[in-house]
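What follows is one chain in structure tokens, specifically the form predicted on its own.
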């Protein structure tokens, strides 16, 4: 069903406030969730609210979020997320990284003891919007085995890098998991009673499967085989171990009521002006991206996209056409609105 973005935002805000989130963090988390849905990343959108509500009811997420700056100097910071909303913790971390990069050329902030942070481009684009390069990576609950194994030990451990675009181009942002596909897409296939493509996952016996239920009991496959495994492991070390958070098999999934997740996050901002004038960087990016788009194409391909460009077009289309969300997700949101004693309900637009 299609929902107008502002109405979906209003619903999310009321649900979050009903869960005892502060006004400020409700606005921030809503912006992250609804923007994910607008960009076509429904696995990181408002469907999160039902899972969050269950965790709040079980006293496994603390709201309102209480952040603590554990350590800080001119270029680095360590933040304890207080087992609250991950979006709030990482937004603060990136703001601090940008501020430090503005003063010292480079800023790096780590977060420990937090939860699901949504789609990572939300934070790296903050830096790109300030004329900087933004980098964010985080670990996650085990869903992928080391290369050659069948037992999940590592998370999908995503990475995002955003850079300012050319003069008449949007900022360019990479946002990817270390696995072939995010686990949320397999959960969605299970909900929709659909098969998944071969090459996404193995079952418990280590055999390639198209059954999402078998895949969720088995292991996701790393992108690029041993390369994705190595990337996931290194992200776990930097975001998890270095931050003093949980890592590897010690992280708990956000999707089951097993206790605090213990997610760790790495964020960095790099001031481009410390290396070259920003206008010069944009000029080079203008020429570079023109070369990328002008590359000779294979048969059947009419356009070469830059990283994040498809998602940006989805976002712009959602502003005029509305956001496509599953009816079962809309139903769960309406139940949460009723629980929050809100008169608002989501209906087909």
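Bear in mind that the values here come from a model prediction, so they are computed numbers and not experimental data. Superpose the two forms; the largest set of C-alphas matching within 1.5 Å is the rigid core. Positions refer to the first chain, counted from 1.
Keep in mind that the form predicted together with another copy of the chain is missing from the display, and what follows is about it.
Participant: Can you work out which of 196, 126, 106, 96 has a heavy atom no more than 4.5 Å from another copy of the chain in the model of the complex?
Facilitator: Comparing distances to another copy of the chain in the model of the complex, the residue within 4.5 Å is 106.
Participant: Identify whether another copy of the chain in the model of the complex is within 4.5 Å of every residue in the set 153, 248 and 268, based on non-hydrogen atoms.
Facilitator: Yes, the whole candidate spot contacts another copy of the chain.
Participant: So in the model of the complex, does any heavy atom of residue 304 sit within 4.5 Å of another copy of the chain?
Facilitator: Yes, residue 304 is a contact residue.
Participant: Do residue 200 and another copy of the chain share at least one heavy atom pair within 4.5 Å in the model of the complex?
Facilitator: The answer is no: residue 200 has no heavy atom within 4.5 Å of another copy of the chain.
Participant: Would you classify residue 179 as touching another copy of the chain in the model of the complex, given a 4.5 Å non-hydrogen atom cut-off?
Facilitator: Close contact exists here: in the model of the complex, residue 179 approaches another copy of the chain to within 4.5 Å, heavy atoms only.
Participant: Look up in the model of the complex whether residue 163 has a non-hydrogen atom within 4.5 angstroms of another copy of the chain, and give yes or no.
Facilitator: Looking in the model of the complex, residue contacts with another copy of the chain include residue 163, since a heavy atom lies within 4.5 Å.
Participant: For the chain shown here without its partner, which stretch in 50 to 58, 314 to 322, 36 to 44, 290 to 298 has non-hydrogen atoms within 4.5 angstroms of another copy of the chain in the model of the complex?
Facilitator: Single hit among the candidates: 290 to 298.
Participant: Judged by heavy atom distances of 4.5 Å or less, which residues of 188 to 207 approach another copy of the chain in the model of the complex?
Facilitator: Result: 205, 206.
Participant: I want to check residue 71: does it shift between this form and the one not shown by 2 Å or more at the Cα, with the core superposed?
Facilitator: After core superposition, the C-alpha of residue 71 moves less than 2 Å between this form and the one not shown.
Participant: Verify the C-alpha shift of residue 185 between this form and the one not shown: is it 2 Å or more after superposing the core?
Facilitator: For residue 185, whose C-alpha is compared between this form and the one not shown after core superposition, the shift is 2 Å or more.
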